[in-house]
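Presented as structure tokens, the chain that follows is alone, the form predicted alone.
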């Protein structure tokens, strides 16, 4: 029997070594420089070449990557090929990848999804899951993850404005928010399925929040490793994100557009950044954006 190192332990170590940045490769063809796009046979190939250039320029400075499948599904079968090749390329660099698929279904269906995304053409280290159908929609993923050293991030408190529609509902004036009920269920799961780092193999998607709320959330769920969206283009900053960390670890901070479209803003890249990225100005800009984000988070974290 093969003993797998839980993915959460690998991610914990990656944060210690490289910082907290999770690069979102939510890449559409419109994010690729036109001159690079013209070189490719089709948009899917252009996106793949762009993704590889960004990965080459940043894998030493990012804890992990998150790949949102919707950007690839819209390109059809060729796009899914690019999705698969992007996942493989990230992992070939020794980096970790989160498949942002937000699946949420029960029993045998969930197991089929788990088989598809924890092995084979779409294999990733982590996935994102929606818990709306209940914990029996999470359990098949957990069983599969335990058997092959994978992990997941379950939606708890997201960063989009619509979170107020359901996540902030109370079933009675004295009750907790709905998202807190999800968090408690995940905490119970984490206590039973931990890595050596002390965090559960399944963590939580928890968006950037105001400092007081973030500190309360972090205190409520000490066993949960956080995937933290909302940084950059969604308005969150380093100060917001670090309050969701714990002893300098316990979370990765995702940014997508602010990194992969950094080339569109001249101030985001320098001659040195371009040189570091083998003279590719787009990936050089992405590298500069990653280093800036990484250093800002580390700087604010040191002040906590």
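Residue numbers count along the first chain shown, from 1. Please read these numbers as outputs of a predicted model, since none were measured by experiment.
One more form of this protein, predicted in complex with a further copy of the same chain, exists but is not displayed; see below.
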Identify which of 68, 258, 45, 249 has a heavy atom within 4.5 Å of a further copy of the same chain in the predicted bound form; exactly one of them does. 68
Non-hydrogen atom within 4.5 Å of a further copy of the same chain in the predicted bound form for each of 210, 226 and 239: no
With the partner removed from view, which of 213-221, 89-97, 72-80, 195-203 is the stretch that lies within 4.5 Å of a further copy of the same chain in the predicted bound form, judged by heavy atom distances? 72-80
Is residue 28 one of the residues lying within 4.5 Å of a further copy of the same chain in the predicted bound form, judged by heavy atom distances? yes
Can you tell me if residue 117 lies within 4.5 angstroms of a further copy of the same chain in the predicted bound form, counting non-hydrogen atoms only? yes
Check whether residue 147 has any heavy atom within 4.5 Å of a heavy atom of a further copy of the same chain in the predicted bound form, and answer yes or no. no
Residue 187: touches a further copy of the same chain in the predicted bound form, heavy atom cutoff 4.5 angstroms: no
Relative to a further copy of the same chain in the predicted bound form, which residues of 103-139 have a heavy atom no more than 4.5 Å away? 103, 104, 105, 106, 108, 109, 112, 113, 115, 116, 117, 121, 122, 130, 131, 132, 133, 134, 135, 136
